[in-house]
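There is one chain below, alone, in structure tokens, taken in the form predicted alone.
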């Protein structure tokens, strides 16, 4: 009996030491999300946290849409000795400040989802980016609308041969907002369709703000709006709420609305016939690629051993070895079930 107890005690001690070794050797990684209550970013964050279990010690911070707060969070990460940083910028145009902080401490920096300027990325050899090309998402939005317009002559409400639209924009300083706005309309005109912009304004990626903007436009442009473009699904869903309140989506009264992200609520709206289409911004693949890159760099591995495989896996190899591009996918009533 004494021998059995001794063996059990020894096993407990060995296991305890093993656990301690894992805790001591797991790299510490600092993560900032521009704001936790962004629907899409909540999925990216959850993926990063799940991928890190048993491999790394994460400190995940909510920057609350406040760039000075995010700067302070990065300062604290560096004081705490984080081995790498994964930052979803509040303001991508302010990234040079964070790059300077990381470079001074020689800490690898993985920026994700909100693309900074290439000139800023070039300032630091250990600065990397994980995301998707916003031009693609805008183009796909426009293609969804162009396809609908050509197949449904009744969409031209005033029969003038011109598509009259309104545009809900995200943060105007954000690259994604700029390119989704620009390239969605370019895709429509490239399809040979004439367009007229009735209104364009920012709703800052926010559903309630978009609902408010759309309600005002429905009053200002009563009976004239033929299509609603939104830079993301949350704003598209806000517009849909305003349209529902105005009597749309029943008794044959319909308004095509398109968004970007293919979030679960958006897919539900697509299934129910409220949303015309969206574009998959792959939160899971972005989250996994962000963590794997930050983790590899935190372990001191050369980026070339991680960036290239990740980029190749996504079909978008980057010759400079600083970018991982996750491709977008067009989502409509024809294929939405594959993404639910």
Ligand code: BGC
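Since the model is a prediction, treat every value here as computed from it, not as a measurement. Positions refer to the first chain, counted from 1.
Keep in mind that the form predicted in complex with beta-D-glucopyranose (BGC) is not shown, yet the notes after this line are about it.
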Review point. Only one of 55-63, 270-278, 39-47, 291-299 gets a heavy atom within 4.5 Å of beta-D-glucopyranose (BGC) in the predicted complex; which is it?
Key: 39-47
Review point. With the cut-off set at 4.5 Å between non-hydrogen atoms, does residue 84 touch beta-D-glucopyranose (BGC) in the predicted complex?
Key: no
Review point. Would residue 226 show up as a contact with beta-D-glucopyranose (BGC) in the predicted complex if we use heavy atoms at 4.5 Å?
Key: no
Check your understanding: Heavy atom to heavy atom, is residue 261 within 4.5 Å of beta-D-glucopyranose (BGC) in the predicted complex?
Key -> yes
Check your understanding: Quick one: does residue 113 come within 4.5 Å of beta-D-glucopyranose (BGC) in the predicted complex, counting heavy atoms only?
Key -> yes
Point to revise | Members of 194-218 lying within 4.5 angstroms of beta-D-glucopyranose (BGC), judged by heavy atom, in the predicted complex | key: 205
